[in-house]
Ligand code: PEP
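This document starts with one chain, in the form predicted alone, laid out as structure tokens.
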């Protein structure tokens, strides 16, 4: 025998783990040698699914006895290293999740504009008000910022959380994407949300510099209150990033969005990073995760193309036409005065054009699906 071959038993929708039939299934599985089981409940955007993991030397475990259980939808042998987030040859579904009334999945689409780093109450309120005027419910708002130089602005930290959450709630922003760099930040965010009366929600963001900070990934994965946006490591392979993302999922938190933000290489010049948005469909094929793109940190400037469109617009379109589910993009009321990444931030007066352009490209993507994807079974 080689190494362990794991199996996922997918139960039918809305089957609870405490049902007697499920307990009999678990007992049968654990009767095979050193096999152990783990039960995972996935709260999807439209349905809930319970999965039973068979872990150990399962190569000799037959699938047929489990397929005969009335509660079982299918039995899938794992084919990728990333057990929890993998698609396993299409054997498991990408059910997505719903958080604070917002559905996020491989079929949904949201633009998430905002401040790379919150630098003042006035700018935060101006930003949230502009987003609310255009019906945007998901925004970025950084409070903790790891920077390349120790002398650069590191964010306002926990002190700004009470008024950031209050302002977001006032303007009907349902989710803030907010980076954390230490386990203590999770506790601070959760406490401030509770004190605000859950005025908004937070999607915890793992930045590219922490993509392989395994202790932080474990801590983020062990809490299931807040969903996670994981940014690909800037200088590691896609497989290494997906395996790092598996740390979050293996901890128990399956509400994860995988974000492509460009690769650190001079091959990307004159952009800040080499744009990797061709990997959008690849990540959706290989994993169950919704996929985000970050055009601001990919391009890194307000460069204008000869056709009159900013490079950020063009790069956004490349990711959206490939099926991206979320767009994380920098805006600022006064980019010249921004304390973090001001040169790449878009202007508030560009917000309606940006949202319209993203909507045009998203519609083109859905038209491609309707017209170019053959009917099932053809």
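Positions refer to the first chain, counted from 1. From a predicted model like this one, the values you see are computed outputs, not experimental measurements.
Keep in mind the form predicted in complex with this ligand is missing from the figure; the text below concerns it.
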Among 126 to 134, 85 to 93, 155 to 163, 292 to 300, the stretch whose residues bring a heavy atom within 4.5 Å of this ligand in the model of the complex is 292 to 300
Though this ligand is not shown, can you say which of 200, 241, 287, 208 has a heavy atom within 4.5 Å of it in the model of the complex? 208
At the 4.5 Å heavy atom threshold, is residue 231 in contact with this ligand in the model of the complex? yes
In the model of the complex, is there a heavy atom of this ligand that lies within 4.5 Å of any heavy atom of residue 119, even though the partner is absent here? no
Within a 4.5 Å heavy atom cut-off, is residue 246 in contact with this ligand in the model of the complex? no
Flag residue 140 as yes or no: does it have a non-hydrogen atom within 4.5 angstroms of any non-hydrogen atom of this ligand in the model of the complex? yes
